[in-house]
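We begin with a single chain expressed as C-alpha cells, specifically the form predicted on its own.
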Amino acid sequence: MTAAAPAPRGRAASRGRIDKRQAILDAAFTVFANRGYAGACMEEIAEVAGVAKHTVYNHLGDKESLFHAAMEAAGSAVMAENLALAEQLTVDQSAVASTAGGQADPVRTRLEDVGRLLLHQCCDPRSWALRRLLHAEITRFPDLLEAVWGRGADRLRQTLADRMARLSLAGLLRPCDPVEAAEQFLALLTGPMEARSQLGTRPVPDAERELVAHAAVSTFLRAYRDAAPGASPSPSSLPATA
C-alpha cells in the first residue's frame, strides 16, 4: 500500500500562519471586549491566543492596528450571519395558495421566523460586545463605525429591502419604499431589545424574544399591509425567490 504523500511544506506553513492569525484576532477581540481598548494589553492578548508576544506584533502590528483588525473581523462575522438570516425572508407559492383554506398567514409566519432569528443573533454575546466597543471607542477611532458596521449594515438593509420589494410586487405588502420598510422592520426588532437587554447586560429569555418578534411583526404589518391576511394574491403573481 502506497503511503500518502505529505502536504507540501509551504502550504502547511501558510495554513498554520492563517490559523495563528485567526487565533490572535479572536483572542484580541475577547480581551478588548473584557477590558476596553485602554485596559487591554498585548501581553494578555498573546497569552489568550497561546502565542509569544512578538508573534502578535509580527502578524498584526501594534495595538491600534490589532484593535482595528479584530473589530473588523468580528464585524464581518456578525454581519455574514445576519445576511444569511435576512436571505431567508421568502414566501413560497404553495404557502400563499393554502392561506385561503384557513391556514396560518404565511407572510406573518415568515416575518416572525426571520425576526426571531435576527433577535437571537442580536442577543449573541459577540454582537453585544461589538456594539459596546463601537460606542465606547467611536470618539477615539471615528472611522471605526463605518469600517466595522456601516458597510455591513448597508448590505443587511439592502438584502432585506430586496425581500420587501418582492413581497410588495407580489401584493403581499402594500406598495412601499423597500429600503424604508427594511429599516423600520429592523428598528421594530432591535429597538425594544436594546432596552430590554440593557445593552446586552441582561439576558433576554427566549419567550421574551418571541413576544418582541410578534409585536414587531404585528406593528409592521399594520403599516405595510392593507388587505386582510386571507386576501393574498394568486400564486401565479408571485415573483421567483432566490
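None of the values given here were measured: they were computed from a predicted structure. Note that residue numbering follows the sequence shown and begins at 1.
The same protein also exists as the form predicted in complex with the DNA; that form is not shown, yet it is the one meant from here on.
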{"item": "Options 173 to 181, 210 to 218, 186 to 194, 52 to 60; stretch whose heavy atom lies within 4.5 Å of the DNA in the predicted complex", "value": "52 to 60"}
{"item": "Heavy atom of Lys20 within 4.5 Å of the DNA in the predicted complex", "value": "yes"}
{"item": "Residue contact check: Cys41 to the DNA in the predicted complex, 4.5 Å heavy atom", "value": "yes"}
